[in-house]
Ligand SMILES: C[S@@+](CC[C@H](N)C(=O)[O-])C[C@H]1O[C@@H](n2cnc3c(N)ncnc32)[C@H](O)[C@@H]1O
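Just the one chain here, laid out as structure tokens, in the form predicted alone.
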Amino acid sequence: MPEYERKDYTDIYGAIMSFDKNKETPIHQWYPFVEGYASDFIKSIVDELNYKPECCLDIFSGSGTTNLEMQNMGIKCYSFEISPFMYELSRVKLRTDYTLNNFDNNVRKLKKLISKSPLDIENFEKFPQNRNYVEKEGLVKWHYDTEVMRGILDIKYAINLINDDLYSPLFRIALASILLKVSNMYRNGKCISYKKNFDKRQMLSRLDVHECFYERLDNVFRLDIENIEKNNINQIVNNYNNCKHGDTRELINTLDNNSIDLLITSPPYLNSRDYTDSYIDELRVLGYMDNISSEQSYRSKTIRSHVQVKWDKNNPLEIPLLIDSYNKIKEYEEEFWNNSLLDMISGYFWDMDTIFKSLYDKMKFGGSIFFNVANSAYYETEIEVDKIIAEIAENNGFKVVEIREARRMKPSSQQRKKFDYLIESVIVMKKELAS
């Protein structure tokens, strides 16, 4: 059994492993993706390499930080994303053919259409019919006040009427960026929750929603598009068409062998968090998913890091560190809050094994991997995800250079009695040159 020690990188990575720094960074700021890392993390990796990558890969693209930063540095980057919302977000951010004049013209059209929106807009544009989405008699809690819903529908209706391949997706992302702000919800770790005393605050009007949207377009998107237009003349690489939608476990196999010399990615953490729940309002309200069947199909194609799907049963991989944690957790089986917990844990590492098996042929000899993960804990047992993935990678031919402790994260309330923190790591690996 390999012995892996973690090297302390908390001083270096502490400030750049969180998306917070991106909230005021041009283009990255278009949508606040709380799970992402900052653009400075990508820059720090490229700076430490002793070569300039020709082709990079991010197999869990999220909001597209890696592929956008690579594009800014003139480096080709393939990126894969299963979420239809995150996929569109990445593609919108990678476009370089926006112009200020066309943006302004389309915004004027948009505002004119919104001002003429039908009073009974809900008869012209769809809003999710899920229970608790819109206030109605008998409900104690709801996601959107009626007038807020109408304000959102006014904007959706106008965007659809414009029907422009370049600017309609951009406007959808701008609308996505204000959805929680105008709702009664906030993002709460694993999902979205109700704002405290939401029903006692002053309610927003339909026009308030329009103004919030316009403010976002005028004060954030417009300024960035002005800079995109200025910088476009120097654009060397565009990664728009290299951004692919689908299951990363399948998409890896579409790459050419020996084509990737740098991989930077962060898979879903093994924390039973389903990103479908975290971004369910964006997925539903903006029409990326319009029924339960499409949601179930999407969830079933995600990495096995959550229990919202009943996964197939698999015995854990033959890795002593994993088997030890698995068996300790199994002792509490009668107390499980979900019967799929063990299937999730074993399935997660089978997925990682599938990924590293496929990656080996795709990476160039001498190519580097920076794999950002976090450890987990269930029933007072820590799962050292970083060390287990390191062993999986080595079993598939890669060499682990080091495991870098990036941050110390607060455990869930159930685990705080046992653990002061859980470690987030960056596993650095290489495909070594053939001897």
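In this text the structure is predicted, and so the values were computed from the model without any measurement. From 1 onward, residues are counted along the sequence shown.
The same protein also exists as the form predicted together with the named molecule; that form is not shown, yet it is the one meant from here on.
K.L.:
Could you tell me which of 262-270, 70-78, 126-134, 198-206 sits within 4.5 Å of the named molecule in the predicted bound form, going by non-hydrogen atoms?
P.N.:
Selected range: 262-270.
K.L.:
My question is simply whether N239 lines the interface with the named molecule in the predicted bound form - judged by any non-hydrogen atom within 4.5 Å.
P.N.:
The answer is no: N239 has no heavy atom within 4.5 Å of the named molecule.
K.L.:
Do G287 and the named molecule come within 4.5 Å of each other in the predicted bound form, heavy atoms counted?
P.N.:
No, G287 is distant from the partner.
K.L.:
So in the predicted bound form, does any heavy atom of I303 sit within 4.5 Å of the named molecule?
P.N.:
Contact check for I303: yes, within 4.5 Å of the named molecule in the predicted bound form.
K.L.:
Would you please decide whether G367 lies within 4.5 angstroms of the named molecule in the predicted bound form, comparing each non-hydrogen atom pair?
P.N.:
Because no heavy atom of G367 falls inside 4.5 Å of the named molecule in the predicted bound form, the answer is no.
K.L.:
If the cut-off is 4.5 angstroms on heavy atoms, which of these, E405, E402, E54, E35, is the one near the named molecule in the predicted bound form?
P.N.:
The residue in contact is E35.
K.L.:
Sort through K181, K111, R249, K357 and report the residue having a heavy atom within 4.5 Å of the named molecule in the predicted bound form.
P.N.:
None of the others qualify; the residue that does is R249.
K.L.:
From first to last in sequence, which residues of 73-90 have any non-hydrogen atom within 4.5 angstroms of the named molecule in the predicted bound form?
P.N.:
F80, E81, I82, S83, M86, in sequence order.
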